[in-house]
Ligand code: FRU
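Given as structure tokens, the chain that follows is alone and in the form predicted alone.
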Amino acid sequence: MNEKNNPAPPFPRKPARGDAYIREHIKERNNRYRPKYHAAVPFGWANDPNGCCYFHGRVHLFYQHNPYAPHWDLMHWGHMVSENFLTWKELPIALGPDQAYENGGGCFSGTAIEKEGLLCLMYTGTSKDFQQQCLAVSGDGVNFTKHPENPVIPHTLVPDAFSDKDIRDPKVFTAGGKYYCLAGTKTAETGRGNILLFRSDSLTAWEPVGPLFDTDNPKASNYFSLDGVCECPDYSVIDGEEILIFSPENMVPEGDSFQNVHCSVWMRGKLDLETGRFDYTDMKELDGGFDFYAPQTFKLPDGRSILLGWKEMWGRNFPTEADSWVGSFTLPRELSMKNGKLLQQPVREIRKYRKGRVKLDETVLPEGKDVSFPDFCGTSCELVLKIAAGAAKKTGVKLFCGTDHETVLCYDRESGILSLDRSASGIPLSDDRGPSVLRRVKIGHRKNLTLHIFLDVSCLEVFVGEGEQVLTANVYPDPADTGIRFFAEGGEARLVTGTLYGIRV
């Protein structure tokens, strides 16, 4: 949808106007690729999840939103809520760019925190000259008022060494009776990515603490070098471990890791609240698939740490743009730490919404011949599989299978690598680095390959083992591509167990 077809003025854009536009035009939306149980934008564009939290008995998911067209533009905050993590109710747009400090890019990403019974949103106000951190407050979690002292972290508080034109995506949290805020940035002269820490007693008056990384000294324990902003920083304590998550722009590929144009990483370490320094022991990619960015964590009242990510990727084509919508989100994931590993599992509440069950008996997978089963098929379902590689060099499962299409998960026993191949999945996908068709993650040598897979019309999420690896991908097959097939190459393998559940939504 071109700007000339967009009746909304360039600025300002009030939230109510965006809601009205969606109501008027949502009939133009084509649902052919819309997921059934993943959160997705109702109309227009969505990217980063924002302000994820639990407030007044519901999970709140805000998100970067252009309500007027299925492409990035002046940003709003869309808003939806859920009581079960599977069905999402769309609420009025929470924030729209209607202030002078938002007249550049709009209301960029941020997070939420509860204070004295109020839901407070910290976000980036993007003017034509600066990016500054702002505050909006609500008593009911639906209607928000921007704070009169905005921007509460003005560009003048950014240390001279860092760019006040590129400082965004505030993560606000509490520690020791004070408020802290992380903001992704880069150095003013060299453009090296970093994260700045700020401190406050009130959420409205802040002071800079310092940068998390040393970008100059490779021998420093917290050295990190990046050509771009460390976007969407997130900090949480999980099972006693301090975990930093962020999305580095332009991460250089390293073997099979960081193959997307932009990616998301996690670090285990220690944050010094007096200096801002973050000393980390390791850094790893958070999701080994194609479509995962800007993840955000939040806590449930029972103490669980939940993660949500944008289930798309910058720099590539979006087939649903032709359908008047672009933007969906991962299933909520429970995070835990075990032996230094960050584990991700689909939130346990999903089990309550299983419907029906197709269970397979133990079956030999002969070399070179695909095996399928009646009723073990579908494009919106949950699969729990255990496959013994046996003598086979390669084994796995083909999903969204039809006459011309298939999406292939293949385990190479000799290399210990699990690959996800969408080269024949349907509509071709490419990004700034070329065709976006293959991802590989190292899972080691295993007697049994255990996979927990969620299919949802145009996407799949694959959890390996205990969740030590996850691969997320969007695919665009034909409606008739409902087949599921098992295979073995270079010898026999064995399907030990296979269960398929429908999802009731």
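In case it trips you up, residue 1 is the first one in the sequence shown, and so on. Just so we're clear, the structure is a prediction, and the values are computed from it rather than from any experiment.
There is another form of this protein, the form predicted in complex with beta-D-fructofuranose (FRU), and it is not shown here; the text below is about that form.
Peer 1: Of 398 to 406, 385 to 393, 334 to 342, 102 to 110, which is the one stretch near beta-D-fructofuranose (FRU) in the predicted complex, taking non-hydrogen atoms within 4.5 angstroms as near?
Peer 2: Careful reading of the contacts points to 102 to 110.
Peer 1: At 4.5 Å between heavy atoms, is residue 287 in contact with beta-D-fructofuranose (FRU) in the predicted complex?
Peer 2: Outside the cut-off, so no.
Peer 1: So in the predicted complex, is beta-D-fructofuranose (FRU) close enough to residue 47 to count as touching (4.5 Å, heavy atoms)?
Peer 2: Contact check for residue 47: yes, within 4.5 Å of beta-D-fructofuranose (FRU) in the predicted complex.
Peer 1: If we define contact as a non-hydrogen atom of the residue within 4.5 angstroms of the partner, is residue 231 a contact of beta-D-fructofuranose (FRU) in the predicted complex?
Peer 2: Result yes; residue 231 sits at the interface with beta-D-fructofuranose (FRU) in the predicted complex.
Peer 1: Counting only non-hydrogen atoms and a 4.5 angstroms cut-off, does residue 293 reach beta-D-fructofuranose (FRU) in the predicted complex?
Peer 2: Residue 293: contacts beta-D-fructofuranose (FRU) in the predicted complex.
Peer 1: Within 4.5 Å of beta-D-fructofuranose (FRU) in the predicted complex - does that hold for a heavy atom of every one of 171, 173 and 238?
Peer 2: Judged in the predicted complex, none of 171, 173 and 238 sits within 4.5 Å of beta-D-fructofuranose (FRU).
Peer 1: Looking at 75, 245, 418, 134, which is the one with a non-hydrogen atom within 4.5 Å of beta-D-fructofuranose (FRU) in the predicted complex?
Peer 2: Residue within 4.5 Å of the partner: 75.
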